[in-house]
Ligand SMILES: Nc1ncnc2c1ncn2[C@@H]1O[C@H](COP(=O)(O)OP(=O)(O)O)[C@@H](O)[C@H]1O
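This document opens with one chain alone, in structure tokens, the form predicted on its own.
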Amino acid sequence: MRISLHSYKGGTGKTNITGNLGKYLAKKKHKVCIIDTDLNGSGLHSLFNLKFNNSLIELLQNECDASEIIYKPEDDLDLYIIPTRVWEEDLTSFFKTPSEAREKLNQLIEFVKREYGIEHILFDCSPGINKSSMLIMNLVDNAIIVSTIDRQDIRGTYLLTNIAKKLGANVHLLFNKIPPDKPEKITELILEFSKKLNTDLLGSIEFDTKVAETWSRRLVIDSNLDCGYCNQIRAIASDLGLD
């Protein structure tokens, strides 16, 4: 299954969710590839303490082959990472037309499936409403939009979700960093919002101090597979039919 994770704003915890979900699936003996397409704020490699030479950027610039940008952080897990560098341009800027960009990414997807037997591909996408994020939405089976309950974030999520639906994407809403106090009131707000958008509510994840303490430099699922945050990641995998 192809899954992309998006957000209107940065700081929603999207990359942490992507990394922990991918690692959880790998621990459950799935073959997983995570592709970082957040060119303006790449951070996926930090979660896996990954050192790399070539990245998605070099592939898009035709400076290397696909086999040279795929990294396997752990020998005992079928988990593969395709990192990227911070880049001032959009993902589509490497091509003359969006269709060329789509073809190049499809070639990469088919390569990892064929060469590594990948079952699930996760895309960590750039925040905001941009060509790169919209392109990835058209390549996946499920697009997850991660939001907080911040008012500005919710307004932006409303716009992003509507655009995604116009593109024909299979959209799911996921709320993160939910304050543990007043859970009933917040749950009611989230349900009302998803109903207004007529969009599937994948779930909500409470703010977890253990995740905050990682400083986006490691995966919380590595230290405790049964923590509260990890249980919520497990629930997301189950609801998507991945587990």
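We number the residues from 1 along the sequence you see. As the structure is a computational prediction, the values presented were derived from the model and not from experiment.
Beyond the structure shown, there is the form predicted together with this ligand, which is absent from this document and is the topic of what follows.
Peer 1: In terms of non-hydrogen atoms within 4.5 angstroms, which of the given stretches 186 to 194, 200 to 208, 51 to 59, 25 to 33 touches this ligand in the model of the complex?
Peer 2: Going by heavy atoms within 4.5 Å, the stretch is 200 to 208.
Peer 1: In the model of the complex, does K177 have a heavy atom within 4.5 Å of this ligand?
Peer 2: Looking in the model of the complex, residue contacts with this ligand include K177, since a heavy atom lies within 4.5 Å.
Peer 1: With the cut-off set at 4.5 Å between non-hydrogen atoms, does S67 touch this ligand in the model of the complex?
Peer 2: Residue-level check for S67: no, no contact with this ligand.
Peer 1: Could you confirm whether N40 comes within 4.5 Å of this ligand in the model of the complex, counting heavy atoms only?
Peer 2: Because no heavy atom of N40 falls inside 4.5 Å of this ligand in the model of the complex, the answer is no.
Peer 1: Can you tell me if S216 lies within 4.5 angstroms of this ligand in the model of the complex, counting non-hydrogen atoms only?
Peer 2: Although this ligand is absent here, S216 would touch it in the model of the complex, with heavy atoms inside 4.5 Å.
Peer 1: Going by this ligand in the model of the complex, which residues of 1 to 23 come within 4.5 Å of it through any heavy atom?
Peer 2: The stretch touches the partner through G10, G11, T12, G13, K14, T15, N16.
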